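Next up: just one chain, as structure tokens, the form predicted on its own.
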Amino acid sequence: MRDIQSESDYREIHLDRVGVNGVRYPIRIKDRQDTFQHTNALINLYVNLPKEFRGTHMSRFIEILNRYQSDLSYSKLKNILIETKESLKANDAHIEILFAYFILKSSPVSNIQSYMDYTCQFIASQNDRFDFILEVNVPVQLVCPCSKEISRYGAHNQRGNAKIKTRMNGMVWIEELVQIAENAGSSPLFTLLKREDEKYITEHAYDHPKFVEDVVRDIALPLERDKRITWYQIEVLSQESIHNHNAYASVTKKR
């Protein structure tokens, strides 16, 4: 059969990335307890396309994912990208795996356990070298220090999101980054709470007011001290409850 994708292209334009986007896929992720948890992912898998080729072979991306279906964990990403490069005759390969990661948490007073989900992402590239970024999104509660200071009673509070991206030279667990982010907020979030837990969290958050600037800095400090982490980017977004806009702060470690 005629291989149209491999035919020559006359426009002389190199494409940075071509491939499959938004592939829904079941994956297994290794957790800190040395077990695997099953979850669903959205996967993007790309290669570069030299200017002489009209298109790429989209089916090969899915075939490669199928070969690694039982284990799309961090340890296999380099193999996936190398095989993708070789199969598509490309110089660069890039993959993004967005997934929900679940942690079993105990409520602060009643100690009732429930699963909390965190949106995470593996971002990896392979050209002359392998590059990997772990992204973790952690929802937190934030109480405004200014509102607490100027109000006779109460203070406005809202849900925030702390996004942490890291490069590393040693294994850093998702659970570790989640704990750092939750410690930096006014209070962590939980899926299941009884009344005594709600009372504790409300009062704890009120006693620990934080600006988004505070949260970014309080996350950066332990990351800066961790010798396993070679680079980080932190973004905190607060969905303001009394404003029709969000509050935002970020910092990126210079490489």
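In this text, all values refer to a predicted model and were calculated from it rather than measured experimentally. We number the residues from 1 along the sequence you see.
If you look for the form predicted in complex with another copy of the chain, you will not find it shown, but the lines that follow are about it.
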Counting any heavy atom within 4.5 Å as contact, can you tell me which stretch out of 124-132, 157-165, 73-81, 173-181 lines another copy of the chain in the model of the complex?
157-165
Does any heavy atom of residue 141 come within 4.5 Å of a heavy atom of another copy of the chain in the model of the complex?
yes
If we define contact as a non-hydrogen atom of the residue within 4.5 angstroms of the partner, is residue 194 a contact of another copy of the chain in the model of the complex?
yes
In the model of the complex, does residue 212 have a heavy atom within 4.5 Å of another copy of the chain?
yes
When the contact criterion is heavy atoms within 4.5 Å, does residue 63 count as touching another copy of the chain in the model of the complex?
yes
Which residues from 193-222 come close to another copy of the chain in the model of the complex, meaning a heavy atom within 4.5 Å?
193, 194, 195, 196, 198, 199, 201, 202, 203, 206, 207, 209, 211, 212, 213, 214, 216, 217, 218, 220, 221
